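Listed next as structure tokens is one chain, alone, in the form predicted on its own.
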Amino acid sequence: MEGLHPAPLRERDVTRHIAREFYKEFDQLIESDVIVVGGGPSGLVCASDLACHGFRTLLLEQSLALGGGFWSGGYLMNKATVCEPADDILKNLGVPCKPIQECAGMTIVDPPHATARLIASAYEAGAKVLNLTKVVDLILRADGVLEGVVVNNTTAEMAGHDVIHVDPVALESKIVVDATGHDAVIVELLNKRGVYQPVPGNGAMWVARSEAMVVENTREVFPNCFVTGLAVAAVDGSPRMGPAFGSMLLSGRRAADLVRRKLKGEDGAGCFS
């Protein structure tokens, strides 16, 4: 049909312009206001909110796809629960939230739809993303201040240094947010470097208590290091919540607000322990 034929392309031009655009953007990612590590729901909300407020925000994800455990819901059934008031975050993005009559305040969502909207929101807000990027170390100064992360390509790290020895690179930032879920990767690295206590990991499942504690305990745990989402439960040893994602969204929003206040120099923004 007339008008449906794509313009002719040369293979060299495809490669050239992908490389040019990537490295042009990468140069701007070497230094950020905030690095959010982990592209699950809490990390996506946090990155989106911070970018909306004009902060240079970089989201790092070790996997190929963003979204974390939110893609598949519970037991691969592609359904997940989100309780009030977190459902408003998704509704404002155009995600249908189906009320459950038997459980006041609880809604059911389709995780792929919700995740796609969260990802789009982060991009549209101006957050930048590096996927297949694994944090392997930290930038720590002599005064104990965290000033960024050391990263490598995930596939190189998976191969192991005995097979492929690839040196990592450093990305600087004023703030690092640990949104890495069960693993609490950033806080674990702080412990490895001897500046933070051991991370106990999540406790047994207790949905109501976990949802409340994750939001309440979202905070700065070390100078310039904030925890959000399930990383909070891992650091505190508090219960896990399974496929109930309301606290993930609310914790991401709370983390963004705390980071924003610290970067703006507002009193009471930092409360590390």
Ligand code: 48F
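Predicted, not measured: the structure shown is a model, and the values here were computed from it. Position 1 is the first residue in the sequence shown; the rest follow in order.
Keep in mind that the form predicted together with this ligand is missing from the display, and what follows is about it.
- The stretch from 26 to 34, 239 to 247, 47 to 55, 218 to 226 that comes within 4.5 Å of this ligand in the predicted bound form, counting heavy atoms only, is 239 to 247.
- In summary, among the residues 185, 171, 122, 109, the only one with a non-hydrogen atom within 4.5 Å of this ligand in the predicted bound form is 185.
- Contact annotation for residue 235: none of its heavy atoms lies within 4.5 Å of this ligand in the predicted bound form.
- Using a 4.5 angstroms limit between non-hydrogen atoms, residue 135 touches this ligand in the predicted bound form.
- Within this chain, residue 181 lines the site of this ligand in the predicted bound form, having a heavy atom no more than 4.5 Å away.
- Scanning 75 to 101 for heavy atoms within 4.5 Å of this ligand in the predicted bound form gives no residues at all.
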